[in-house]
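One chain comes next, on its own, written out as C-alpha cells in the form predicted alone.
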C-alpha cells in the first residue's frame, strides 16, 4: 500500500513508501474502524517536518507517514462500533492520549507530558496513504452535505478550539461579551477563525499583508467580515479607528506579530496564539509598559494547539451553519488539489513555492 512519508531529521526526504495494509485485527476490542482515504490536506506542518524542523518516526520505523488532515469513507467496523457505519464520511482527530490525567479524561490535546503523540506529526503515522484503521473514539462523522469541504474539518477543529478556549477561560469574568475581534493572518486558520467569530456575532477584522482584491479578501467579504491590508493601514491606525480588540487570535506564524498584538488588546481581553514559530528570531518589546497594562487591564495570553473530538464536532457544526449563512464561500479556501499519492513532489512544491495556495490537498482516491 502506497504512502507519502519522510525520514525525520533528514531534510527534503519526502518519498513514496510502501506500507502494509491495515486491518481491524489491530483493535481486537471490537472498536476498530477501517477507513478508505479519499483526500488529505497538507499545510506548513508537513513542509516543516520535511524540512526536518521537528517530527519523529514511530518506534521500530525509520520513516513517518505524513498527513494529519484526513477525509475518507468507512469501509468496515468492529462489532462493538456504534459511532459510525460503513459508507459514512469521516475525518479523524490527530493527537492520541499519553498517560497524564488530561489524556485519560479525553482532553488529550491538553496533555501535561513532554512526549506527545500525533498522527502524521510525532511518533504515529499519518493519513497520506490509501487506508487507515483507528479506534472509533477518534473517528468523527462528517455530514454528507459537507463532503465538498472534506479536508477543512481538521483545521476548523483548531480554529474552533482557539475560540472556545478563549470563552472558557473568560468565565472567570462572570460576564464576558466581546464585541470586536482581530484575526491576524488570512490563511486557512485565520479565515476559519473569522468565520466562527462572525457566527458568534462579533465585529471581525481580519488582517493580512496583501492588498485587495485577493481570494482571501473575497472570502472575508463573503463572510461579511472586514479585510484589513497592512500594506494600506497600520494596526495602530486601525486601533485609533475602531478601538482595541476584546479578542485577538494570531494565526500568522510570525512571532513578531504575535508579540506585537500584546499592544493592541483591550481591558479584560484575550490574546490567543495558534501558530508555532520555529527558528531563532528575537523580538524587542516594551516590557515595562506591557507589564503594567496587562496587570491593570486583567488581560490574558492563551496558547492553543491541536484539538480533541469535542472541537472537531463543534467545528463541523459551525461549517454547516456557515454554509447556510454564507453559501458557497467556505469552499473557496480549497484552492490547490493534487491528484494521487504519486504526485508528492508537486504537493511539496506547492507548499514551498506557491504563495497563492490557501489549501493544498491530495486527491488520494475516488469513492
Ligand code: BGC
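Bear in mind the structure is a predicted one, so any value in this text is a computation, not a measurement. Numbering follows the first chain given and starts at 1.
In what follows, reference is made to the form predicted together with the named molecule, a form of this protein that is not presented.
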Contact residue in the predicted bound form, chosen from 246, 103, 118, 136 - any heavy atom within 4.5 Å of the named molecule: 118
Partner contact for residue 276 in the predicted bound form: the named molecule, 4.5 angstroms, heavy atom: yes
Contact test in the predicted bound form: residue 198 vs the named molecule, heavy atoms, 4.5 Å: no
Touches the named molecule in the predicted bound form: residue 43 (any heavy atom, 4.5 Å): yes
4.5 angstroms heavy atom contact with the named molecule in the predicted bound form for residue 326: no
Partner-proximal stretch of 259-267, 167-175, 235-243, 151-159 relative to the named molecule in the predicted bound form, 4.5 angstroms, heavy atom: 151-159
Contact set, 288-312 vs the named molecule in the predicted bound form - heavy atom within 4.5 angstroms: 305, 306
